[in-house]
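Taking the form predicted alone, here's one chain by itself in structure tokens.
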């Protein structure tokens, strides 16, 4: 049962990193819209985070698949497939010259991903709590045997 607790702790930190990454991207787009950043700074800051976000999301999905947590795998699979499609079509980076034209779409897209990652985070926190309680009560039962 310790491996299950380790899985949920790892999933907790990966989910937290995904939320922080997307939240930072939303802040960068909002700063661009308010004219606090120029398009080059915004696109370079967001593009720097896109590949690590894709890797974290894919590793989280594969982690759920390998540990046979089918519900979590099926929840994470559509976003992972969408990221893979964006990467294969080379549409995952924000273009400096086109950033103002698509800023409303990019913000809506990031807010949707933020909502998804928060939903996934709540599910992971719930399972982390259940796993921690179960592992601690299981250990207490073993102590009473001796």
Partner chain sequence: MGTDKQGYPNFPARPTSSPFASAPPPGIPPQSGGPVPGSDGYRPFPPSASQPTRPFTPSGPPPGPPLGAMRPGQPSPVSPYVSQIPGSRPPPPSLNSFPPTAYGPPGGAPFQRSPPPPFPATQNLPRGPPPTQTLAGHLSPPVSLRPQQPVAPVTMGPPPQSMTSGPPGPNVSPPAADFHMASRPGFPQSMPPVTPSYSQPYTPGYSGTQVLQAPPMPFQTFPPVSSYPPHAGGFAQHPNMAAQQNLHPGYTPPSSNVQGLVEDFNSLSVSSIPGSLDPGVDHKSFPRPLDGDVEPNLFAEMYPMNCHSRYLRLTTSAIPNSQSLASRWHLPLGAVVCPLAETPEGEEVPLIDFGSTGIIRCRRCRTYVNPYVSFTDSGRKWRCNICSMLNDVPGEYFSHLDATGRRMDMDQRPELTKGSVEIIAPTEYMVRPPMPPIYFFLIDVSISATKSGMLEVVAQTIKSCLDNLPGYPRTQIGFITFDSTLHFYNMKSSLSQPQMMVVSDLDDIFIPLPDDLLVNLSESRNVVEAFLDSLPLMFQDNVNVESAFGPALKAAFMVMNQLGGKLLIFQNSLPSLGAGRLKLRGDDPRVYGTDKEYALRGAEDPFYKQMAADCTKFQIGINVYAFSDKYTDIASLGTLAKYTGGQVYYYPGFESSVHGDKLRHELARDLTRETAWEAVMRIRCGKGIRFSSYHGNFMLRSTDLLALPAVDCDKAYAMQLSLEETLLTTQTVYFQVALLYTASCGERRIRVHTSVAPVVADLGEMYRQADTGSIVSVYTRLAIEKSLSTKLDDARNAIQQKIVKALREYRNLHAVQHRLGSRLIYPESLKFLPLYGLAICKSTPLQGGPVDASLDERCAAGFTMMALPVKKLLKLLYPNLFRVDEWLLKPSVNHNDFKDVLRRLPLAAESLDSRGLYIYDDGFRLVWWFGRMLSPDIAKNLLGDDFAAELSRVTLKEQENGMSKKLMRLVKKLRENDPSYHPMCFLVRQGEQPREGFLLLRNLIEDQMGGSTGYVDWILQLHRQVQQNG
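Note that the structure is predicted; figures quoted are calculated from it, not measured. Residue numbers count along the first chain shown, from 1.
Same protein, other form: the form predicted in complex with its partner chain, not shown, and the subject of what follows.
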Heavy atom within 4.5 Å of its partner chain in the predicted complex - the one residue of 105, 100, 82, 70 that qualifies: 100
Residue (of 50, 96, 63, 86) lying close to its partner chain in the predicted complex, criterion heavy atoms within 4.5 Å: 96
Contact test in the predicted complex: residue 40 vs its partner chain, heavy atoms, 4.5 Å: yes
Candidate stretches 30 to 38, 50 to 58, 74 to 82, 106 to 114 - the one whose heavy atoms come within 4.5 Å of its partner chain in the predicted complex: 30 to 38
Within 4.5 Å of its partner chain in the predicted complex: residues from 66 to 93 (heavy atom criterion): 90
